[in-house]
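Single chain ahead, written as structure tokens, the form predicted on its own.
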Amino acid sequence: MKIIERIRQSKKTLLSLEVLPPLKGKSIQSLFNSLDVFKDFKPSWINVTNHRPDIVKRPVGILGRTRNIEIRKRPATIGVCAALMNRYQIDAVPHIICAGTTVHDIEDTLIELNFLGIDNVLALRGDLAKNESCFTPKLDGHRYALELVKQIQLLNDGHFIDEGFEIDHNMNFCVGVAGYPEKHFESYDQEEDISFVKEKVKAGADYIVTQLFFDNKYYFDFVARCRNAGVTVPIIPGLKPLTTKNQLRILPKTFHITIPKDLVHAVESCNTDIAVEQVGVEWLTQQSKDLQQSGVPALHYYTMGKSNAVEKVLKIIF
């Protein structure tokens, strides 16, 4: 079932999760083990991340020359989606990214997803490459998620990139996009940021899922700005537990977010990671309660292998 249909049909706040594909060479069983603990909570869908390839230099021949080789550390987004749907009878939502892909790569991926009966996708630009100061698309690739949304909608309307092919059945992907309660770090200001969100929805995005945040005021302000701009699609909050002290430095740098001073002080006073996790669980539980009481369409948890902390929260919330 399409995510937007689940949201429209539900009279309560839904639950969704996000997971990483296993590293190359790893078994999917470790992912199953981390997700099995969530079965009783009946998540409505599971997002599966996608990652651009790393570029590494490899020697060629005997003259000491090198060439750039693309290596994907987590190459199994589509396969993981199929495995999750088969094992849990649940909707899986693959991330489709611009980074490291061409328009033909994307079209081929969407066709493959259609063959598997996967009709939900999350359209993202993707992260910067290592040592990249600004995003550079691959030759014949998209620079913005907006362009990706437009390509998906063109395929929904029966248009391939190359002429000479006809679609004998309708593709009808439900498209989610990202939103940034604290503003995307590359936007000049919040007004420009909201204009980008509005354009993605105008191009065909069905719903928005936000970047993680630790202060609900950023989510509520973001929703208010979207509504004032005429954006009416569901906006799903993205949430993550704090589990280690190192995250106080890593998360703001990686995701360009703010961690409230009260949470920082509580974490810094902890002597062990077990204590930090407990603080993170308590904070996330209160966040979740407040959002649930406000009537958000779903609570989306970035589990990223931290099933234990999220499980503790869900036992209270769901």
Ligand code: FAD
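The numbering used is simple: start at 1 and walk along the sequence shown. Just so we're clear, the structure is a prediction, and the values are computed from it rather than from any experiment.
Omitted from view is the form predicted in complex with ligand FAD, to which the following refers.
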Considering only heavy atoms, tell me if Y144 and ligand FAD come within 4.5 Å of each other in the predicted complex. yes
Distance check, N156 to ligand FAD in the predicted complex, heavy atom within 4.5 Å: no
4.5 Å heavy atom contact, G126 and ligand FAD in the predicted complex: yes
4.5 Å heavy atom contact, S44 and ligand FAD in the predicted complex: no
Tell me which of 115-123, 82-90, 159-167, 219-227 has residues with heavy atoms within 4.5 angstroms of ligand FAD in the predicted complex? 115-123
In the predicted complex, the residue from T243, T101, Q211, Q151 that sits within 4.5 Å of ligand FAD by heavy atoms: Q211
Checked H184, K138, K202, R72 for heavy atoms within 4.5 Å of ligand FAD in the predicted complex; positive is H184
Stretch 171-185 - residues with a heavy atom within 4.5 Å of ligand FAD in the predicted complex: A178, G179, Y180, H184, F185
